[in-house]
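The chain that follows stands alone, in the form predicted on its own, written as structure tokens.
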């Protein structure tokens, strides 16, 4: 399964590679990383058929994760990738917006990687 992680914090890449090292070594999951909504769209334009799941931060400079979610759901409708939104702010407004735009899950930071791995298994 190919997972695109979108977050403006560059240290997220190391964190995911550490937490999923067994799954990466076993070939169960491959990660790609984009550090902005714009870079995520550029990646998807070239690799749309590869991405099964997108994990996106909501609060990023430039294009927000919510705007990225809207564009993903309207640009790649068949089959739509699973999109899980991640935020440090678990406020009701962000949750409501994400769900209205078609998010498949809403996760808060700091991420519970055990919970995330369970969610990813359901996508597999």
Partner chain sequence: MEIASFLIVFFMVRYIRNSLQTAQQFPEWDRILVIVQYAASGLLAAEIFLDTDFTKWIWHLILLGMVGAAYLLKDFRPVRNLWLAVGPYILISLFSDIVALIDKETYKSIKDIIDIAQIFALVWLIATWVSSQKQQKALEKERLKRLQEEEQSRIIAGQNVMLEQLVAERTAELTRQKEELEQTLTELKTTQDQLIQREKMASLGELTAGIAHEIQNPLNFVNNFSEVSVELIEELKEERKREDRDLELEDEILGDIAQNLQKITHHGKRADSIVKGMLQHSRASTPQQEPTDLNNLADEYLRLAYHGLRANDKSFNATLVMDFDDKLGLVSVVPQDMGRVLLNLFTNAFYATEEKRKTGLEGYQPRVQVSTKRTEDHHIEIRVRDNGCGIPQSVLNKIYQPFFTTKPTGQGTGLGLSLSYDIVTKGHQGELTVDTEEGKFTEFIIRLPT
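Numbering follows the first chain given and starts at 1. Worth saying up front: this structure is predicted, and the values here are computed from it rather than measured.
Form predicted in complex with its partner chain: not shown, discussed below.
Taken together, the three residues 18, 21 and 62 all come within 4.5 Å of its partner chain in the model of the complex, as judged by their closest heavy atom. Contact with its partner chain, judged by heavy atoms within 4.5 Å in the model of the complex, is confined among 69 to 77, 27 to 35, 88 to 96, 42 to 50 to 88 to 96. With a 4.5 Å cutoff on heavy atoms, residue 105 does not count as touching its partner chain in the model of the complex; it lies far away. Remark: residue 12 counts among the residues lining its partner chain in the model of the complex, judged by a heavy atom distance of 4.5 Å or less. Contact check for residue 58: a heavy atom falls within 4.5 Å of its partner chain in the model of the complex.
Using a 4.5 angstroms limit between non-hydrogen atoms, residue 116 is distant from its partner chain in the model of the complex.
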